[in-house]
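The data below hold one chain only, encoded as structure tokens and taken in the form predicted alone.
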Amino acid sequence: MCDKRGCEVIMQDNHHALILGASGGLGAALVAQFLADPTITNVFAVSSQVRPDFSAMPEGLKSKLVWITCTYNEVSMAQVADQLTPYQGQFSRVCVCHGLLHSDTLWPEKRLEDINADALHEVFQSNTVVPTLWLKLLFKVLKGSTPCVVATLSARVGSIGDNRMGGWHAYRASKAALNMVLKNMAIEYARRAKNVKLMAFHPGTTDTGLSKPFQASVPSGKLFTPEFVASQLSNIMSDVEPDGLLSYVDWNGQTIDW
């Protein structure tokens, strides 16, 4: 549901940002990044968590934030899309920050014997199904005259051409599937919502809960703060324009092989 400010956003020639998965490490950093951006009128943050305590935030920034809770099933997600409908065509930045690599009950597979059907379903649900549903449900909200860049968190390990190590079957396959979905979506958006640019984004190894168990093996200088990655992504999004194509890029703006 939307917080009490959700129906009070002033309607005008606005450029809004939308962060889906706003409570994660990178999602929260992107919320802060866009709140500090003077070109962004309002930041809509969608999360399964209740609105955090922002009492220490400057009043001018707090007034820009609209927090929406969502359980990430299709019914709840459709309700979020309905709440955003009054701002149709006013979103210039959208970040889809969902992702699952491990949890208390699953771990990246190192060999064939580790593959588990329940884990496959759970990983694909988070990494592929939920982002796909957002792009379906938000189509009418994003369509308009305002150039809109949509960045969805992918991963370099989702590259089929770059895969030389194997393993991590569910995570790799779910991100490769996400890339294909985004390619399909980019083709259809190019026909029906020409103002929208889609991007599959690899953030690098970011210091969040997702990467925490694997950080010991990260080379020096290659473990990035969420704030750094959020800044990099914001800059990359500012440098692209709707062209009807899907971009697959890393944190430094470099193209990744499919």
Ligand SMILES: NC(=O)c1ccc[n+]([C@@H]2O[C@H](COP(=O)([O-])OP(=O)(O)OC[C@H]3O[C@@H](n4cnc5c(N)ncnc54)[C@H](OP(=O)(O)O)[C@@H]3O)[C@@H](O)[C@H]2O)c1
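Keep in mind it's a predicted model, so treat the numbers as computed, not measured. Just count from 1 along the sequence shown to find any residue number.
A second form of this protein, the form predicted in complex with this ligand, is not displayed here; the remarks below concern that form.
Only one of T146, T132, S126, S159 has a non-hydrogen atom within 4.5 angstroms of this ligand in the predicted complex; which is it? Only one listed residue qualifies here, and that residue is S126.
Pick from S211, Q232, N195, T41: which residue has any heavy atom within 4.5 angstroms of this ligand in the predicted complex? Selected option: S211.
Spot the stretch among 58-66, 31-39, 201-209, 187-195 with residues whose non-hydrogen atoms come within 4.5 Å of this ligand in the predicted complex. This holds for exactly one stretch, 201-209.
Does K183 reach this ligand in the predicted complex, with heavy atoms at most 4.5 Å apart? Although this ligand is absent here, K183 would stay clear of it in the predicted complex, with no heavy atoms inside 4.5 Å.
Residue-level contact is defined here as any heavy atom of the residue lying within 4.5 Å of this ligand in the predicted complex; does K175 satisfy this criterion? Because a heavy atom of K175 falls inside 4.5 Å of this ligand in the predicted complex, the answer is yes.
Hey, in the predicted complex, does K136 get a heavy atom within 4.5 angstroms of this ligand? Answer no; every heavy atom of K136 is more than 4.5 Å from this ligand in the predicted complex.
Test of understanding: in the predicted complex, would C97 fall inside 4.5 Å of this ligand by heavy atoms? Yes, C97 sits close enough to this ligand in the predicted complex that at least one of its heavy atoms falls within 4.5 Å.
Judged by heavy atom distances of 4.5 Å or less, which residues of 135-154 approach this ligand in the predicted complex? L153, S154, in sequence order.
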